[in-house]
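In structure tokens, the next block holds one chain alone, the form predicted on its own.
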Amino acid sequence: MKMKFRSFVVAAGIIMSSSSIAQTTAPTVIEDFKPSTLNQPGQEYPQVNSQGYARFKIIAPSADSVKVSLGLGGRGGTRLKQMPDSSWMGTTEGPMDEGFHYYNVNIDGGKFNDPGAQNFYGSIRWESGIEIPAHDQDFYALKDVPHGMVQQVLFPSAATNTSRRAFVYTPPGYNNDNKKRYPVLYLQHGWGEDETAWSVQGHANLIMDNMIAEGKIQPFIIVMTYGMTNSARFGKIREFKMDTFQTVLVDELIPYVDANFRTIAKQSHRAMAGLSMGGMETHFITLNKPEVFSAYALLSGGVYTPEEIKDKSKLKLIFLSCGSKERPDAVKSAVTTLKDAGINAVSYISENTAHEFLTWRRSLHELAPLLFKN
């Protein structure tokens, strides 16, 4: 299901994989398959080859049919064939996009996770995950550099009558100088995910660690919290009440973070960004609360128009991005219009990706150096 968000179309869910696209002439599949880096310890399958094909093996000897469903709601996928040893095996018909993908296994109509793969929260459930190595994966690789810390915090929320959870990334050296204060980026996940997504699937902490080690950015804090405050069924994203989440973020979480971490508690040193649904939240809140944030970023999450920006005097940056398989022309056009109106706007298009995490990893990598330059 897709929803129209102003002039930009984004998927309501967080992933649209491009696997299993039939080829007119079937290419030769190179038999250099290796276990996915996201497999459970010691598990041989699923596997990935150098071309980006994925191969699956499921042990279900009594099954009548087995299919691996990749992408939101099981769109697209690979039907497996039963082997002489009663296992089921199959290879995607075409190479998958580079980067991270959710998937599940359909056995005789039932939805299950692959026992060979690690699980990740997405599509409002724990899903299996597979990683197709990207040619530019070095920027989010785990390296021998100083590392920051991602810690869980629980903060009180009168608006939802409960305690809520957030994860806070503090940069390397944060605990070494109790006088230094930092800017903050509030970074939101997509629909169906939770507050773990950006640091687990997105590798936001590793992206930051590597860029700080390379001297490409000034260190800043990232806060990631759960973006839902009421249940919204699949296909019913407009039932989500963003005003309640705005209260949670602006009136409850930000004061908690400013009180418990060494932040620079000023609008000039605070930014908000989000992917997909998180972009919709960012759009809503930043326009309602321009006195809170000085930089706005929508990652596959819509656009801003000059008419929406009521006061640009303290707005430092608008960053818009998407994958080249989404609506890049809409993003580029919106940024041109914003620039013509005197607003500092930047666009970024992730090549050969769609509504998926490599788009958003790359987007964060491009956004981070533009934030808090002063």
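Numbers for residues come from their place in the sequence shown, where the first is 1. Keep in mind that what you see is a predicted model, and the values were worked out from it rather than measured.
The same protein has a further form, the form predicted together with another copy of the chain, not shown here; the description that follows concerns it.
The chain is drawn here without another copy of the chain; in the predicted complex, the stretch among 202 to 210, 263 to 271, 92 to 100, 288 to 296 whose residues come within 4.5 Å of it by any heavy atom is 202 to 210. Within 4.5 Å of some heavy atom of another copy of the chain in the predicted complex lies at least one heavy atom of Ile58. Of the heavy atoms in Ser62, some are within 4.5 Å of another copy of the chain in the predicted complex. Interface membership of Glu214, defined by any non-hydrogen atom within 4.5 Å of another copy of the chain in the predicted complex, is ruled out. Though the partner is left out of this view, Ala159 does not reach within 4.5 Å of another copy of the chain in the predicted complex, counting heavy atoms only. The partner is absent here, but in the predicted complex a heavy atom of Asn119, alone among Thr247, Asn119, Ser87, Gln218, sits within 4.5 Å of another copy of the chain. Scanning 172 to 199 for heavy atoms within 4.5 Å of another copy of the chain in the predicted complex gives Asn175, Asn176, Asn178 in sequence order.
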